[in-house]
Ligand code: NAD
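A lone chain, given as structure tokens: the form predicted alone.
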Amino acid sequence: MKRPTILVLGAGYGGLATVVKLQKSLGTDEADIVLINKNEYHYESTWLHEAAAGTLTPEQVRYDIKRVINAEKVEFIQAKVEAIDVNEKVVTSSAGTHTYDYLVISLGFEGETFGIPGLDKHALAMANVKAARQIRDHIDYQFATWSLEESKDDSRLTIVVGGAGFTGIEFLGELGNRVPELCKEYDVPFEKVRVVCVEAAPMVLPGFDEELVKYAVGQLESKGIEFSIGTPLVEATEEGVKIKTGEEEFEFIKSRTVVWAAGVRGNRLVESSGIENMRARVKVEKDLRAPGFDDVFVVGDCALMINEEINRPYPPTAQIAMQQGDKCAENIVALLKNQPTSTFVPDLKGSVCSLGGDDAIGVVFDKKLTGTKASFMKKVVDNRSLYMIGGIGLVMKKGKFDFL
């Protein structure tokens, strides 16, 4: 009898967690597990801000997929997913067509520009590890060029970061540490550099404790970071960005470096898959299946789940994606054994936001943390995610141990 095929699309946190759990739970004769990913490596998307700022190398934030999968149980296909048709049960990739008995969509996020003119052409986004490398190299190039110019263009030393959410603040924290190093490396006066955070919302880090937010802003401002809050970015050009400062008032900030960190959406392939979705995110059933499709699961950034206590979606975090991956694998195994699936309930242990180096803010087990204690917990969280996927060996190779 033909073994059922479990097809997993994407090797991000959710997809890789699904595959690792499946390969532990199933024998080689129980199912064919197939993983498709466009790169031969997984990258820690929660570390991209460090690679973009240059405080970590791109190589430090990624590892080979083959390092953590069992080749006897999992077939890995390096290919780009091009189309999903859940009605015909067919996935098309650059390697050909693929059929399945169970499908797991875990294709991650894409940047959301909200239709702001020029943003797609003139802003950089931390979409993946290659994009993070581009941001790092672009910033280095601007500093180097300024130092060589006879007629100094100070807009080369102005960095605009769009968004004061988690990603934006963590990137600003790394920039706060990296800029003095760049100034020393390229003989640039520190006072010439300007880093501006532009945020349309009236607050920094929405959802975080007010006291912790105040601490974070204070720490970043002490490193020279400027905040322009409640000022929507309305246009990006080659020369800089226009922000709205009042009812009919605007300001233009001249900048050669605009980094957009203010919005994400699910992978756009979801929109043409035949599954009902909102901005490429699927409001999944309680067991993580797509509505109307008993053989399709959605995890990670493409999945939308409502926190019924506050009637708002859970944030698309790595913590939740990995937990979804575990539950998804558990439910697929249950279906293979003709057993009922179970409900996914996030186990939120807390949230920590890095401010660069040995500084951070966070709430862990309902306890508020700042400074080195919060930074320690951030590194523990990062190392734990590595351990859950690749065990102690991966932690020793890729983990963070600069706790002091």
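In this text, residue numbers run from 1 along the sequence as written. Small disclaimer: the values here were computed from a predicted structure and weren't measured.
Just so you know, the form predicted together with nicotinamide-adenine-dinucleotide (NAD) exists too; it's not on screen, but the next bit is about it.
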item	value
nicotinamide-adenine-dinucleotide (NAD) contact in the predicted bound form: V352, any heavy atom under 4.5 Å	yes
nicotinamide-adenine-dinucleotide (NAD) contact in the predicted bound form: F166, any heavy atom under 4.5 Å	yes
Exercise: T317 in contact with nicotinamide-adenine-dinucleotide (NAD) in the predicted bound form, heavy atom 4.5 Å	yes
A201: touches nicotinamide-adenine-dinucleotide (NAD) in the predicted bound form, heavy atom cutoff 4.5 angstroms	yes
Residue among V264, V86, L212, L182 with a heavy atom within 4.5 Å of nicotinamide-adenine-dinucleotide (NAD) in the predicted bound form	V264
The unique member of G274, P206, P117, P291 whose heavy atoms fall within 4.5 Å of nicotinamide-adenine-dinucleotide (NAD) in the predicted bound form	P206
Listed range touching nicotinamide-adenine-dinucleotide (NAD), judged in the predicted bound form by heavy atoms within 4.5 Å, from 173-181, 156-164, 215-223, 247-255	156-164
In the predicted bound form, residues of 37-73 near nicotinamide-adenine-dinucleotide (NAD) [heavy atom within 4.5 Å]	none
